[in-house]
Every structure is written in structure tokens, then in C-alpha cells.
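What follows is a single chain, given as C-alpha cells, in the form predicted on its own.
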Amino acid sequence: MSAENHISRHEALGLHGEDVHELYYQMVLTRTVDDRLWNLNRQGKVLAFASCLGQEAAQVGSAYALAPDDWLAISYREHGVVIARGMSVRDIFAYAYHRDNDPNTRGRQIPGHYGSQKLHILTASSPVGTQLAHGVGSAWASVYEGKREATIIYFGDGATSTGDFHAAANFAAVHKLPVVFLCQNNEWAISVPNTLQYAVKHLTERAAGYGMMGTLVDGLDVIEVFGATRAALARAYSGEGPTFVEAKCKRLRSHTTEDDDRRYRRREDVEADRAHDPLANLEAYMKAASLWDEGVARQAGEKAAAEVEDATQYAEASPLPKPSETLTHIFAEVKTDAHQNDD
């Protein structure tokens, strides 16, 4: 493809060269964070961690399209999403180290269960697919309050096999709610391959059954993901209802640090998947669009490494939660009537 075609592709979406450089940096930072947290887990410093290696383009590209007022419902793998949304790397590492200054959960959950009222991130939970209902509820609230905002819901292909997905998709379509269902299809539901999950060729085929638009995109192409997400958001804002976006990508590590994919994936298949690297894909795009020089990669790598090192030191020096506050923010505090009998 010619440089002109590459240039027209991002410029046609309203992106400038600076935007492409920023997308590249956010993807580099996401991978640097991912690598460090994975290694810290192996050192016994970070608990169970779900890597997003191979899914950086799907996460950063979609989050980059969101407006500040939009809401996000995520799973435990969306590190690139929260980075693109504006969460500081220091806060991410304070969370990973379970420190008292973690603004997400005050160290009370395993890494990845982000939640931020400021950033409009609904608090994540561990069960597969439960965020789908939460996200649709968020969109329903936006409509009820007459606000021009949408909710994007992040989930994997495995979540589409749950009842939560059916209930959420059906309700959103019936009521034409402003929802973007962003499915990162990394071909695995933990250890179950797609061939044992569904019989359709693409999950977007299910969208028609719910009466919603379905869009299939290359999840390794950050520009394409951005464009598809922006189009889905435009439909949501205009009252046209939900869109199901299927971003085809690869999961380049085990399901989590507590999983060993050598038990169900052939090593030659994993190596073949590593050839589909979203970072390398964007680098090729930037070269063809005359947006690349070796200094770009060097500066992005050095800046990301410095930011991650600073966050690591910050987290390690941060205070642990106080044992006396173990139950704080866990149970609701109910005030009893002063005249109520003790029995």
C-alpha cells in the first residue's frame, strides 16, 4: 500500500501525525507495564496478573476514540484501556503492589480490577462477563438522565458464551441504548479454543440476531480499531442503538500468571501468533506514512521505561494498608435507631 493511502487512512479519521505518535507511545507504555508486572509476579511481588500482550492495539485504539463523558465497563485485562484513559502508571503500580494509596481498591483486589469515578471507569469484577450487565445499566442511566454519552464494554470471546452477554445484548438492542460492545477475540476462553466455543465464522454474525450492527475489525491495527469505535460511538450518540465490534487479535501469553498454556497450546502455534504483533504492525504503518524514524522508537522506549521504573519505585516505597482498616469500605455502615430495642 502506498504512503498516500496510509496517510489518507489516519487523516480521513481526523487523526494527525501527533495522534499516531501518541497511539504508538501508549502501546509501548502498555507493553512495558505488562512486561514489568508479569516479571514482578514471577518475583513474588505482584499477585495474579492477566496480561494484555498482543491486544494493545484493540485496547488503546478503542479507548482513544472515547469522549471524556463516556463510561467504560472493563474486565481484568484492560491495562491498555486505563492507560489510554489517563490513569497514571504510578496508580497502576500502587494497585499491583496492594498499597494503601491505590485509588482503585486500596489494595483489596488482585491487579487489573480497575475502577475510577473520575475517569468514568466502572469497577471491574472477577467473574467472566458480569461487566456486560453493568455497562448496559450505565447506558440506561445515561438515557434516563438525558445525557449525550455512551458506554463501551470490554470483554473477550469467552464472555459471549455466558448468559450475561445474552441479557445485556438483548436489553441494549431492544431499548436502543448507547452501548459499544467491544469484543477482543483473542481466540481463547482461558483454555478453550474458539472451535469449541461457537459454530459461526465470526462473532459479529450474532449481532444480527439481537437486531444490532456488527462490525469486524483487525484488532492488530490500532487505526482501524479507532475508526470502528468512533463510528460505533457516533451511532450511539445519535440514538441508533448499540454496536457489536469484534476485534480479532492474539493472546501472546497464558490466560494469567497462574495459568500454564503449555498444557493446551502447541509452542509452534504460539510462535506463529507472535508474528502478529500490533506494535510491529503500527511501526510498519508509520514507516509507510513517513511518520517514523529510529528516534521515535528509542524515545518512546526510554520514556516508557523511565515511567515504569518510577512507578515501581513509587509503589515499593508506598505504605501497606492498615490491618485495622481491613473491613473499611467492604460492608455498608447502617445507623440504627437510637430508640430501637437491643433485641
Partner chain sequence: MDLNQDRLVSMYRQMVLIRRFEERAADFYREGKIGGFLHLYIGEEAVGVGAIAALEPQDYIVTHYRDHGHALARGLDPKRLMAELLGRATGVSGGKGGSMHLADVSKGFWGGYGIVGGHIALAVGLALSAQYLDENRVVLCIFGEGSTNIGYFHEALNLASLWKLPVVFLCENNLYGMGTAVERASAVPSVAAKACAYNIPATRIDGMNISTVYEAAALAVAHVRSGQGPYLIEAMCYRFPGHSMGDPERYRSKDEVDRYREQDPILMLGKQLESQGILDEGGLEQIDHDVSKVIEAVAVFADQSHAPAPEALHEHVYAHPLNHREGAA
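Computed from a predicted structure; not experimentally measured. Positions refer to the first chain, counted from 1.
One more form of this protein, predicted in complex with its partner chain, exists but is not displayed; see below.
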Exercise for the section: Answer yes or no: in the predicted complex, does its partner chain come within 4.5 Å of a heavy atom in every one of Gln117, Leu119 and Thr123? Expected result: no
Fill in the blank from the handout: Counting only non-hydrogen atoms, the one stretch of 169-177, 94-102, 74-82, 264-272 within 4.5 angstroms of its partner chain in the predicted complex is 169-177
Completion exercise
None of Thr229, Thr160, Ser254, Gln131 but one has a heavy atom within 4.5 Å of its partner chain in the predicted complex; the exception is Thr160
Fill in the blank from the handout: Checking Thr215, Gln109, Ser191, Gln197 against its partner chain in the predicted complex, the residue with a non-hydrogen atom inside 4.5 angstroms turns out to be Gln197
Practice task
Consider Glu224 of the chain shown here, and say whether it contacts its partner chain in the predicted complex, taking contact as heavy atoms within 4.5 Å.
Solution key: no
Practice task
Decide whether Glu187 counts as a contact residue for its partner chain in the predicted complex under a heavy atom distance cut-off of 4.5 Å.
Solution key: no
Handout entry: Phe165: touches its partner chain in the predicted complex, heavy atom cutoff 4.5 angstroms
Key = yes
Exercise for the section: Considering only heavy atoms, tell me if Tyr210 and its partner chain come within 4.5 Å of each other in the predicted complex. Expected result: yes
